[in-house]
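Structure 1 and structure 2 below are the same protein chain in two forms, each given by itself as structure tokens.
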Structure 1
Amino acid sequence: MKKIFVTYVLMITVLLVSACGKQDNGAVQPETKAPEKPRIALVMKSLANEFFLTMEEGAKAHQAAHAERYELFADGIKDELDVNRQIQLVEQMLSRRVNAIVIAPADSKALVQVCQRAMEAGVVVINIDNKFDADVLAERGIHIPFVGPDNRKGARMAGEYLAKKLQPGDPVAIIEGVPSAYNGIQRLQGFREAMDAAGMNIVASQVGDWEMAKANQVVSALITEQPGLKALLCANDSMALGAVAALRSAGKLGQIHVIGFDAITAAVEMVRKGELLATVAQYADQLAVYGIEAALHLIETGAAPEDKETPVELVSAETVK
């Protein structure tokens, strides 16, 4: 019995040594887990606005072409003014353990706090499209890099083009975006600078909240109150479309110049038809990509975050493609 037991032990030992030899020869190797790809969240404003749908499409196309570099989670709000919902979206992205958040904030002040919480959790935050309020950032002692266009320059460019079609003293009106949005404030300033420099008479400046329906109502009332109105400067294309619809209903289409901002497809087509004098392209599809690339750069290199100005271009009858 003892000899059988000894023989059995020897056989087991030989098998174990043989197995170890196979591992040493590389026949059996433990699996190495691939490093996880960075998870990037894109949080946008209203997806009812073609501008942000284009932004989302551009981001998804970029991720598909660079699938080995990162994962993408993209979402946006339904209503331009639903700031609380956008805050919830940021919180949801944090619960998904994203490495970076690229955000086009609906409000330049209200979204700073939740983005600061993200940064404190080690998440990279990149601000696109609508710049965070500098005073609020300074109060909180943080810097969030802004990757986006100079909205003031773009609006001034459009206003200067409009001024060439008018005479000094002509009455014009401005349809503003959301008053608390930095890009809306900058576009308003750019419009005013161009009109003041050309000697135009700004007879009204009213809020359209970025919405087509709201702008339609505002413009319908304005053209009754100001029968001599010569031009409408709209802070985005959705409002410009609402303005054009109001003019068409009133039988004044072609009598009052309208400019917009964003160069969405419908607006560019109206420029081509002569229903819209001009709009400003800020390349929504590339804007998200610029932000994503900035986020990846910070994640991959640990470099200090920096602002980056992205291009704007006037789209008019002379330049429309």
Structure 2
Amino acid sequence: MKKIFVTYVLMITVLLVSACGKQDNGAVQPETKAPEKPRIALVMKSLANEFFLTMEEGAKAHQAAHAERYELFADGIKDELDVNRQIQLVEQMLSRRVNAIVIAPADSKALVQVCQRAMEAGVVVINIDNKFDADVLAERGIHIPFVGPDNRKGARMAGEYLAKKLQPGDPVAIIEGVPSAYNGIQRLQGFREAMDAAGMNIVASQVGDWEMAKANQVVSALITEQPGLKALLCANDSMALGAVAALRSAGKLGQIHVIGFDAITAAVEMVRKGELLATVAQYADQLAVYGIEAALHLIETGAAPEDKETPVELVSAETVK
């Protein structure tokens, strides 16, 4: 038993040492060659979430292809609500003397303060994914450029596509994300606008917490109470997957249209099979890259920071490859 324990300790030590070694290679070596190369930090939300993982992988691929232009330090928190940890991450990045921080804030208000400190220290800050609260920014008298998709527009596109498959007055239901999330609120608004414009009857709007299991349970109860329901608009794909599973167990698959958002792998597969009517792609792998490009542009030209909208696209049976 003791032997095993010692082996473990050894293994962990070796792993730690090799991990440190890697970091040093990445950070120190290039500096000696080209000290003027900008150092860009990417501070992500939950790396447990496929969406952010794809974002990070996209950024790393971009850096590998443009290694001569900049260095990348990517890190993220373990779950999307760990605001404190993310503030610490930003501080750590500052002490690593980065030139720019590209951040997907876990909270649209709580992260403003530390980002302002970064800007005062002369660091370029670019906001991606979750937009900082406009009121907080105004109150502090700062502007942080937002580079990202218009979630409301994406949701409206999906809603309009859905409306073509329905008759005016048809009952539909919305499955919302976490109520406090900015992008969730934007998607809810987009869905509502599309449904109201097409004259649909929104009979229920329930919170599914972005989660498959929670959405599954909520949808199961909903379709019992609303037997005539024609469509479910889910604010992300995980919840759409949960909704489809609920319809399948109730034997109502194909009778009720489901739409999602994010175009995760499993959801695109379901669109192909016709189980999901549509989802919205916002090119997760490119989102961080757009932010990095914007940061590089600012560093290189010293131009005034501006917001930039990135593309969203509907993924439906007609467009899926």
Partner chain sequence: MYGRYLLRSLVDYIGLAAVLALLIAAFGFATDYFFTWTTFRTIANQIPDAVILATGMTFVLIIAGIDLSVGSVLALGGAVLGLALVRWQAPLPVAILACVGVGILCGAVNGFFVVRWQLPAFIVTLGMLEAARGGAYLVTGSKTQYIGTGIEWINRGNFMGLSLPFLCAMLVVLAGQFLLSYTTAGRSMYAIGGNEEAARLSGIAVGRVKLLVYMICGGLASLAAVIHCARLTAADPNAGIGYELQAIAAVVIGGTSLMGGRGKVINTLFGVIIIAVLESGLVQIGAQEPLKRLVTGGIIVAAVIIDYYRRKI
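Residue numbering: structure 1 sequence, from 1. Bear in mind that the values here come from a model prediction, so they are computed numbers and not experimental data. Rigid core here is just the name for the largest C-alpha set that superposes within 1.5 Å across the two forms.
Here, the chain labelled structure 2 is taken from the form predicted in complex with the partner chain. Superposed on the core, the two forms barely differ at V268: its CA moves less than 2 Å between structure 1 and structure 2.
With the core held fixed, the Cα of A194 is displaced between structure 1 and structure 2 by less than 2 Å. Superposed on the core, the two forms barely differ at A281: its CA moves less than 2 Å between structure 1 and structure 2. With both forms fitted on their core, the C-alpha atom of L247 sits 2.3 Å from where it sits in the other form; this compares the forms between structure 1 and structure 2.
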